[in-house]
Structures are given as C-alpha cells and as structure tokens.
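Before any questions on how it binds or moves, here is one chain, the form predicted alone, in structure tokens.
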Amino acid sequence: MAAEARFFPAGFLWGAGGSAHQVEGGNRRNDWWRFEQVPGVIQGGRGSGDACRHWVLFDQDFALAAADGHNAHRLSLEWSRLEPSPGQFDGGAVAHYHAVFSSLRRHGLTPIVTLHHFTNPLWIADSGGWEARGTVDRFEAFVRFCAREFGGEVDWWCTVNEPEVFAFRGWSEGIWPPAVRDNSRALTVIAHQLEAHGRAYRALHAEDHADADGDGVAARVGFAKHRVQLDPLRAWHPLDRLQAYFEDRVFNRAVEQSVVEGEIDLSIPGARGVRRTLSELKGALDWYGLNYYTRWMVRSLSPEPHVARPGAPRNDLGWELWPGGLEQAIMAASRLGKPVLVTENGVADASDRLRPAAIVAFVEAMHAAIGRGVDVRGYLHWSLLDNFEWADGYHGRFGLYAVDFDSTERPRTRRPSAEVFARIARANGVTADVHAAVDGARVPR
C-alpha cells in the first residue's frame, strides 16, 4: 500500500535561516566579537572571523535556497553594523540591508527578520547591557528606525530571539558574554528582553504601514522562543522532579504567559525574582516563533544538570534527537491562541547521516500537529549554511549546505539533506509527500 501523502496549506512558508553574526563575518563592533578574543571561551579556539562571508555572498546563498524551492528565509539585522554609536546610523550598512531585501525579493523569498539575535553593539554592552533598563529604550529606538527604513520590504518581524537562552547562557551559566554566573541577574535580563519585546511590538505596528507582500497586513510581529522539553532524569527522585518543574516554569511557561497576560513573574529558588505588570506586553503577539531541537533530562545536584536520555540517538553536540517532540512543542505553543511559525529546527550533523531522515520525521510531526487543528504557518530549517555556533565555535554543523571554513573563499557544498528538504519545499501548497522524500528512512519518534 502506498504511503499516505502529507498536505500542507497553500502559501505555507518553507525555508531556512541564519543570524547576522553567525554568517556574515567581520562583525567587529559587537560584544560577541570582543568575547571571542578571550582565550578558551570558544570551542576549538576559533572565533567567528569571516564566518560564511555571507555579507558578500548573500545573493549567491539566496539563489541556492530559491533553487531548492524555498519561499522564505529567516535572517537578522546586525544592530552593531546599523547603529555603531548611539543614534548614529551607518549609511553603508543601511544600503547593504536594502540590497539584501532586494535580493530576497528577486529570488521569491519572504524575509522573516529578527531584530535582536544575541549580539549587542559595544556601546550597549559597555553601558550595562541588558541588565540596564536604558537598553530597553535604546532597543525600542533601533526598532523604530528599522520599521521606518525597512518596513516597505518586511512584513514578518521577530523582535527578540530566545530571551531565556540569551539570559541563562550569559548571566547564569556564564558561557556567553558577559560571562556572569548569577541567576538573579539572569532573571532581570529576561524581564528586560520581554519588556523590550512588548515595546518593539507596539513600535513596529505604529511605524510599519507598508504591506510588502500585498496580503493586506503591513506588520506581523512575534518573538522566537526556544521550547525545550524538561523531564526529570530519575522520575522517582523528588529533587529531579522539583528542579524540572521550576526550570520549565521559568524557561517555558513564564515567558509564554507574559505576552498573554502582560505580567512578568520570574522566579527560581535561591534567586531574586522579578514581578511586574506591563500594559505594552499584554497581548503583544501576532505569531509564536517556535525554536525546537531536543529535550533535556534534568539531573539535580550535578555539575551537568541537563543530559540526553540514556540510549537515545544524539547529534554532534550531544543533544538527543527526538523529532516527535516537535509535535508536543507545537501543541504547547498553540495554547497561546496564536499562529505558530517554526523559526528554528535542525540537527548538528557534519556527516549528514542523521539529518535527511530527521527532516522527514520533523515534518511528519509538524503535520500531525496541523492535523490536530494548530494553525502552523511555516517551517524554517536551521540552518541554510553551516555557521558559527556561538561558544561551540565551528563544531556544530547544522547546514543544508556545508561550508569549507578552511578556505578563504568559503565554498558551499550541497548536502543530500538539502535535496530531501527541497523535495518537500517544492511541493508547497500542493502535496508534500514526506514519505517519498527519503526511501525507508526513519528515526525514533
């Protein structure tokens, strides 16, 4: 019997993504570039450097995506390039991003634009960073500039990327800039990022009146939330269960509920919590950007509190490969009552051994959620290209296209998984037969 085909709505967005600092190269004016110069903070000792040279090769990269049937692409605007000093905008950088949007339009790719993807101008970092409430004001001003300057080319706006990951990596675990280990300060940063999202949401709707794609909507504004499943490693262990509960409450539920109720309520045992009500945050969501990769088993009283499920398949970064969890994550995201856009999902797999079948399984899981009534608008694979993966350096290879970082030219090589994804994307609006994409390929659900 032939396998059942999978149908997706007409106009469904299929694409991939990357962020400015991870792909462009030469971002010397932000806090990440400076952090990378500290010995030992980046795996392998190699900073972003020229990255993928996407600053120069963007048109070539968008051509690759378009040839593979993509109709959307997620990218970020590098704040430190556009506003290298307070209130002073760089005309060359502005012109560059206009050229980027023009290229996307020529190649038929809808831009999904992130305004804060982990990096800050040095002048922001040196004036208190995201612990300072003044940064919220400065970010709002930057957002207003972007809305006025690029609103005619962009309708899909993503304000902030993973505020909870940004805060915990930099201010709790201390493995990202500014390398702080203080949970109280981490909660302050999450709160400021959430406030910034609410104010950016209002600013974008106030300033962007141009309907770039002709669908009658000038601005669709969301944020990207990393939704990770947190389960106790030892279900019988009360401390494992308690830690998993508290982590899920602050990492997932508190962040999500803040944009519904307009109330920030962040707490962790032993840390100074944050509670406040913000009218501009209430209802500040047109769509939920879902970043999904894995689940973590929580192990209390351990120097390694998050581990992969014993015996589970793992990617090159040691994360459990659990495609079926995408359906659960979409269902959880849908509880906010907004359309869901999968803004990141992929596998660190340099050999491309796991990725082809994983793409099929992820898309099947997404389709199952759609079948349960969730309004899913699109799927953006992470990533189009291998890129700089923050503290992991060039160890995690997520790209549909491999990049040779040992060559100054940074040539791209199409992986077999790119063809798998292309077959699915090309069928957009007709039939996406995910079973036929990889003959007999399966990964554990």
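Just so you know, these numbers come straight off a predicted model, no measurement behind them. For every residue, the number given is its place in the sequence shown, counted from 1.
Beyond what is shown, the protein has a form predicted in complex with a small molecule; the following relates to that form.
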Problem - Distance check, Gln193 to the small molecule in the predicted complex, heavy atom within 4.5 Å - result: no
Practice task
Answer with yes or no whether Asn291 is in contact with the small molecule in the predicted complex, where contact means some heavy atom within 4.5 Å.
Solution key: yes
Problem - Close approach of Glu162 to the small molecule in the predicted complex, 4.5 Å, heavy atom - result: yes
Handout entry: Close approach of Trp319 to the small molecule in the predicted complex, 4.5 Å, heavy atom
Key = yes
Exercise for the section: Pick the stretch from 32 to 40, 373 to 381, 389 to 397, 54 to 62 whose residues have a heavy atom within 4.5 Å of the small molecule in the predicted complex. Expected result: 389 to 397
Problem - Contact assignment for the small molecule in the predicted complex, among His117, Arg81, Arg227, His73, heavy atom within 4.5 Å - result: His117
